[in-house]
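So this first bit is one chain, no partners, the form predicted on its own, shown in structure tokens.
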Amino acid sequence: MAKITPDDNNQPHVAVRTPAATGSVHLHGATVTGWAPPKHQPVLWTSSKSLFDGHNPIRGGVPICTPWFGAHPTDTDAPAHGLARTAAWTLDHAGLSEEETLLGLGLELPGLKFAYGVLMGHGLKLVLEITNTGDTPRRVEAALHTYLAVSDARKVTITGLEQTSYIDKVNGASVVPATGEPIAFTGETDRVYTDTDHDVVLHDPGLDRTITVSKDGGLSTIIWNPWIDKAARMADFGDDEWTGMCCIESAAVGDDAWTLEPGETRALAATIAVQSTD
């Protein structure tokens, strides 16, 4: 049976070690902080500067951004990316076999109830269910903010979004038409690809592997890398660590956000698979 144990910073987490995968899930933010199948280097990236203090968001892994994404639409004092990623979640159930580990985590906020399933094995599947427990409709955004480990962000490419337009948050939230080309990182990148359910593939020749991110329930995909200057401004991000990561986030944000009727439940799912190319 999976058990909650303290990590090196005395933070509660579940460490997974089976023939199918190694990994970890922290109860702080229900953040998946590690996953790797056998014979693969770590698939998820976590900053060496992440605080792991039980208060601040964990920088890396898969933080959960909800019930809003980015800045709160009306409250300038509200934390960025919602309340869930800094909340103390509960481990409600767990199952373990040689092939898969299933963890079910839960959280309740005013007017909303969250259930989060983490299925960890040769693949990683994440399912976030959100229920409106209030008595009026509720607009909800959600994102599974997946940080992927790469050999060098300047040398990877991303396919699957060539025919999709995006909102360029680095350049004033301007709308950019589909480029018809794979994504390559050449500077700070913060893009929200809209109205898309396509699988996205990260091609990493330096690690001789591809990582496929599939999603269900959301129509937004976010691609992010802070590059040099922004990484240097972030206290929980090593100045030179930006070369070792990029984010491919499965989301329902902006015009793709949900409006939940009272009692309604919606789910956002992401599946991550890694394959060697050598």
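One-based numbering along the sequence shown. The structure presented is a predicted model; accordingly, all values stated were derived computationally and were not measured.
What comes next is about the form predicted in complex with a small molecule, which is not displayed.
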| property | result |
| --- | --- |
| Answer option from H203, K125, K169, R138, heavy atom within 4.5 Å of the small molecule in the model of the complex | K169 |
| Option touching the small molecule, based on a heavy atom within 4.5 Å in the model of the complex, out of E129, D199, E100, D190 | D190 |
| Stretch from 90-98, 116-124, 75-83, 204-212 whose residues place a heavy atom within 4.5 Å of the small molecule in the model of the complex | 75-83 |
| Heavy atom distance at most 4.5 Å to the small molecule in the model of the complex, all of F69, I222 and K230 | yes |
| Contact flag, Y147 vs the small molecule in the model of the complex, heavy atom cut 4.5 Å | yes |
| Interface membership of H28, the small molecule in the model of the complex, 4.5 Å heavy atom rule | no |
